[in-house]
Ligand SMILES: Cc1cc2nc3c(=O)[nH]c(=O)nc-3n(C[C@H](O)[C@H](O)[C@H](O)COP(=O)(O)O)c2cc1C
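What follows is one chain in structure tokens, specifically the form predicted alone.
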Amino acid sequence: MNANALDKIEYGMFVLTAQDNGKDNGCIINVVSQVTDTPRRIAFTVNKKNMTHDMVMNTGKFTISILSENTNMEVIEHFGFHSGHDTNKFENYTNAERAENGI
């Protein structure tokens, strides 16, 4: 976990991404907060109906990306208005990089 990232968490919008059985998925969330400093722990909320929720529960691994106020609405639509149950959100999405954890 990037310790400097914890200092940047405020109320806003985030993309929660996960991977399970070789499939990547992501969704928009709006609650992330630091719970403890030592050990470093965060809490976040995600709708239990989201495929990303199931992936995080199955693997225990995820990445949270902080969206800036200047984030293009297309990013929010892509991850927030489409279900991962119906489509592969990363199939033709080229504006993503993998984090150290591979997600």
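In this text, residue numbers run from 1 along the sequence as written. Computed from a predicted structure; not experimentally measured.
The form predicted together with this ligand is left out here; the points below concern that form.
Heavy atoms of Asn70 never reach within 4.5 Å of this ligand in the predicted complex, leaving it off the interface. With a 4.5 Å cutoff on heavy atoms, Met57 does not count as touching this ligand in the predicted complex; it lies far away. The closest heavy atom approach of Ile66 to this ligand in the predicted complex falls outside 4.5 Å. Interface residue remark: Asn25 is counted as part of the site for this ligand in the predicted complex, having a heavy atom within 4.5 Å. Contact residues in stretch 50 to 69 (any heavy atom within 4.5 Å of this ligand, taken in the predicted complex) are Asn50, Met51, Thr52.
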